[in-house]
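Below you'll find only one chain, the form predicted on its own, shown as structure tokens.
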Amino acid sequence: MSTKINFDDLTFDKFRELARTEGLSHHEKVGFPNEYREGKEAAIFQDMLAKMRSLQASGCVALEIGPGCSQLPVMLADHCAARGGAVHFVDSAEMLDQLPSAPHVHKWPGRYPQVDGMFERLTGQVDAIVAYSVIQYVFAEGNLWDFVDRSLALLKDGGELFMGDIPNTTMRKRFFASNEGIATHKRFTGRDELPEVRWNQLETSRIDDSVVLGILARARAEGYHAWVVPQREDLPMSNRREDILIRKP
């Protein structure tokens, strides 16, 4: 039986605690109930590959920020190995210890971007950066613009930064205000009631349209291409989460 945990208001230190907690699945250790991720990781990875042309390059050098200990970083490591490349992982030591080790896998323990030696080694050298279901925590407890700026500096020409699975509160409101969203809410709750949707209300420490569009504007102003891209419809939260892809020309 899994230990009961609270998935609300997770932080870097709380993830470290989850990583050390016995009785949790790897989904729960990275902040998701099992029903949200079980059987979905292969589809998530394929969705990522379809969007990131940088991951197809021979000898690809990839960096994943906050990989946790799920199967997604394992898939990324195997993908890079098959192309004669390398992968770098940045996360707490507690999470990194649970990921497989290999000659092409480099582990950087620490709270990104405060990671000694990594920027000196990788600036301008990375083909693909992945931050999947991560930036909501950066936004809540860190400096989002420092995260974006320093990540972009790591990219080589043609390199890409993929910030995936972004929970957008405005997108969520749009969905639950729709007929499909209302029907989904009724099925989930088993009650004939409308979901509560409050427009024009600031939700502190939560990402909304203004943050998503602000990331695009900042990247574009710095000379990068940037797009908001939808998730595949079969992914667990595609109706209220979206991805950002940034590419260095």
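Given the structure is predicted, the values throughout are model-derived calculations rather than measurements. Residue numbers run from 1 along the displayed sequence.
Only in words, not in the display: the form predicted together with a small molecule, which the text now covers.
* Asked: Looking at L55, I207, I215, V30, which has any heavy atom no more than 4.5 Å from the small molecule in the predicted complex?
  -> Selected option: V30.
* **Single option in L99, V90, L122, M171 placed near the small molecule in the predicted complex, where near means a heavy atom within 4.5 Å** => Only one option qualifies, and that one is V90.
* **Partner proximity in the predicted complex: S151 to the small molecule, non-hydrogen atom cutoff 4.5 Å** => Contact check for S151: no, nothing within 4.5 Å of the small molecule in the predicted complex.
* Asked: Does the small molecule get within 4.5 angstroms of any non-hydrogen atom of D47 in the predicted complex?
  -> No.
* **Contact of Y137 with the small molecule in the predicted complex (heavy atom, 4.5 Å)** => Answer yes; at least one heavy atom of Y137 falls within 4.5 Å of the small molecule in the predicted complex.
* Just to confirm, L72 within 4.5 Å of the small molecule in the predicted complex by heavy atoms? -> Contact check for L72: yes, within 4.5 Å of the small molecule in the predicted complex.
* To do: Just one of 215-223, 197-205, 182-190, 62-70 has residues with a heavy atom within 4.5 Å of the small molecule in the predicted complex, so point it out.
  => Selected stretch: 62-70.
* Establish, in the predicted complex, whether P167, Q231 and I246 all lie within 4.5 Å of the small molecule, using non-hydrogen atoms for the distance. => None of them does, since no heavy atom lies within 4.5 Å of the partner.
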